[in-house]
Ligand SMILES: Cc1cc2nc3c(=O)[nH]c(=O)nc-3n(C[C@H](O)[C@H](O)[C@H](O)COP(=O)(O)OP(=O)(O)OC[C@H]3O[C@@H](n4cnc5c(N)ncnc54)[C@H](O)[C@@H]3O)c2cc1C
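The chain below stands alone, shown as structure tokens; this is the form predicted on its own.
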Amino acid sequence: MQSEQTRQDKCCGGLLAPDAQQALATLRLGIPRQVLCGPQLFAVCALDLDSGQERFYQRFYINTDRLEFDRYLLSLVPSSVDYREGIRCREIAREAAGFRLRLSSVDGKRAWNERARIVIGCDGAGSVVRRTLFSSVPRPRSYTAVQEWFETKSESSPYYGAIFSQQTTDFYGWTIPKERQLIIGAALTPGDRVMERFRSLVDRLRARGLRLGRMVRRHAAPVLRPGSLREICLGGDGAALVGEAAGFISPSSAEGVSFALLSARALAQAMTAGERGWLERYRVLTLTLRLKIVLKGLKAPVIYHPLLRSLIMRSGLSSLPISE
């Protein structure tokens, strides 16, 4: 078993929302038992620190160990694929016959070049493929996601916490229980005092009675928040983008697993039909995903407008009566 210091988790809470569950179902995939992580969650606690209101709403999430989830997906890669770990792409350059990639080992001890006819960027919010080959396309607004894991003396409350605080961010924060640990995270506007704002959020949660033990580990990573379809970049000229690298991520919740899986499937279908015309086919096959981005973008102003959110929470509409 890996120690807390040697785990290579992503900055992700490991919750599979209904959209991600639906995407897995369409791909005929389930979740093995070793991927699951207790407790399983059936409610979200919306906490508005600005107004002091708290409401519970019924939602169904699958709580997973994100590292084990990634390992499960990698186990599905066929043996015909040359898969390598511990390698970073430092730069990409176009050549007459395709692309030259400058690669290195994570420890920086080895560096070499590889050549490819087609490059597909699945490299997330900080995509080197998008940054290098499609720098003229507007990028979605970037946030800094920070997560800290805390020990708890007993199993934490079995709900997912969605935290709103204009003092902290114009997006949101979250709490996720993991066995005898609790994740506290937030998507923060980049700039000055990022960690100061995050620490303030943790302190305010402690002041509300959240009992936290030792901080076990911390992760940070960029996360995108698309604001228009102009910021979705599918690729072109022999290079393609999928998932968050393309801009496919929910602007209302930052859920990205479903978009990653479905955009990857769409690209695979587009390219299976042949190299000629793949971009047009990919554009058609991702139409529903792009419409979904638009709909979630329309939902975001209602959730994140302090007055509208306060009115909705105050009304108690669709909330659950939770026993003390």
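Note that residue numbering begins at 1 and tracks the sequence as displayed. The structure presented is a predicted model; accordingly, all values stated were derived computationally and were not measured.
Omitted from view is the form predicted in complex with the named molecule, to which the following refers.
The candidate spot formed by Arg139, Gly227 and Leu267 is out of contact with the named molecule in the model of the complex: none of the three has a heavy atom within 4.5 Å.
Contact with the named molecule in the model of the complex, judged by any heavy atom within 4.5 Å, is made by just one of Val194, Val202, Val119, Cys122: Cys122. The single contact residue among Ile232, Ile163, Leu133, Val223, judged by any heavy atom lying within 4.5 Å of the named molecule in the model of the complex, is Val223. Only one of 210-218, 163-171, 194-202, 243-251 places residue heavy atoms within 4.5 angstroms of the named molecule in the model of the complex, namely 243-251. Shown alone here, Ala93 lies farther than 4.5 Å from the named molecule in the model of the complex, counting heavy atoms only. Contact check for Glu255: a heavy atom falls within 4.5 Å of the named molecule in the model of the complex.
Residue contact with the named molecule in the model of the complex: Ala300 places no heavy atom within 4.5 Å of it.
Although the partner is absent from this view, Arg100 stays clear of the named molecule in the model of the complex, with no non-hydrogen atom inside 4.5 angstroms. Taking a 4.5 Å heavy atom cutoff to the named molecule in the model of the complex, the one contacting residue in 51-74 is Arg66.
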